[in-house]
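The chain that follows stands alone, in the form predicted on its own, written as structure tokens.
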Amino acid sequence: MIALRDSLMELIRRTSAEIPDDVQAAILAALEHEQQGTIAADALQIIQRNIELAKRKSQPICQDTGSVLFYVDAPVGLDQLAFAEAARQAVREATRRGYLRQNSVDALTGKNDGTNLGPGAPTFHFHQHREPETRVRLILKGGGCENVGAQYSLPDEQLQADRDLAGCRKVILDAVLQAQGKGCGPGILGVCIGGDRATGYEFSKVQFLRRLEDRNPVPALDALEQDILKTANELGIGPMGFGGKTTLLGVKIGTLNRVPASYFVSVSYMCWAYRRQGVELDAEGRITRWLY
């Protein structure tokens, strides 16, 4: 239990303070792409300095360390109750050490007990597999970008969006337009086509576990991802909404089966502080490999 708690605490520290390599590469490429001397370029330079400073000082990249989301691929027989308890201990200690800000509050009273623990905090998604290793991925999802997520029910008469990929394209781009700079762009979209209202949003966030440079194995979805990324970056919204060529760093789309009466498109938005990391653990809970 102690080894597992310490491993999860290190996962939290690194996720909070260090941008993954694929995200760092995308931000640097965006900085090269923006015209120097513009507000957009200045915004990206500030972002890059923030990234470097947070890593050097091992401090949170953003004052909003967000919702703590654990995605656990677990072997048969893993004690999920014991794992969750070790994770909660890790969250409590990581908060005490300053790796996480004290920003989880009671939904009704707004009271903050300073631990980041409570109903739904942290959140766990357990998935069983037949491999001996345990793989844990962590997302720290800030509130600013969470606020600009959106869910659409097709057909949408106002947007003239039908129940097809062209209609999906219209509503996804509408979500980008509605967000403008409020989600701390440049952002990353996680999208689910299908599912119900709950599973659609949940699966849209699972898309954030993908690397930015990967390509969707479904040709139609791959084409849609690339098209939306290109089109969104031609809208002129830019970093933080200041204008420029970099509105999005990536678009990731997945699908779930739906019932014929419903056609939901759920869009989750991730800010530039794309805090996602993962580890592989041995049977004792020690880190054997980093996943990103």
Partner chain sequence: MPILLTTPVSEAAVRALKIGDAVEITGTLFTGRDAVHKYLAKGGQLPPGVDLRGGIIYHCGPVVIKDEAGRWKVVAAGPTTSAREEPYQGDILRRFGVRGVIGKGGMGAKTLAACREVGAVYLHAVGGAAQVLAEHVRNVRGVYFLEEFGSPEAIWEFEVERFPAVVTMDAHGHSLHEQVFAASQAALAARL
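Quantities reported herein were computed from a predicted structural model and do not represent experimental measurements. Residue numbers count along the first chain shown, from 1.
Form predicted together with its partner chain: not shown, discussed below.
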Should Val251 be classed as touching its partner chain in the predicted bound form when contacts are defined as heavy atoms within 4.5 Å?
no
Ile237: heavy atom within 4.5 Å of its partner chain in the predicted bound form?
yes
Please run the contact check for Leu229 against its partner chain in the predicted bound form: heavy atoms, 4.5 angstroms, yes or no?
no
Even though the partner isn't displayed, in the predicted bound form is Arg97 close enough to its partner chain, meaning a heavy atom within 4.5 Å?
no
4.5 Å heavy atom contact with its partner chain in the predicted bound form for all of Ala29, Arg197 and Arg210
no
Choose one stretch from 202-210, 113-121, 179-187, 68-76: the one whose residues place a heavy atom within 4.5 angstroms of its partner chain in the predicted bound form.
179-187
Have a look at Leu154, Leu173, Leu221, Ala150 for me and say which one sits with a heavy atom within 4.5 Å of its partner chain in the predicted bound form.
Leu173
When its partner chain is considered in the predicted bound form, the residues of 24-41 having a heavy atom within 4.5 Å of it are Ile39
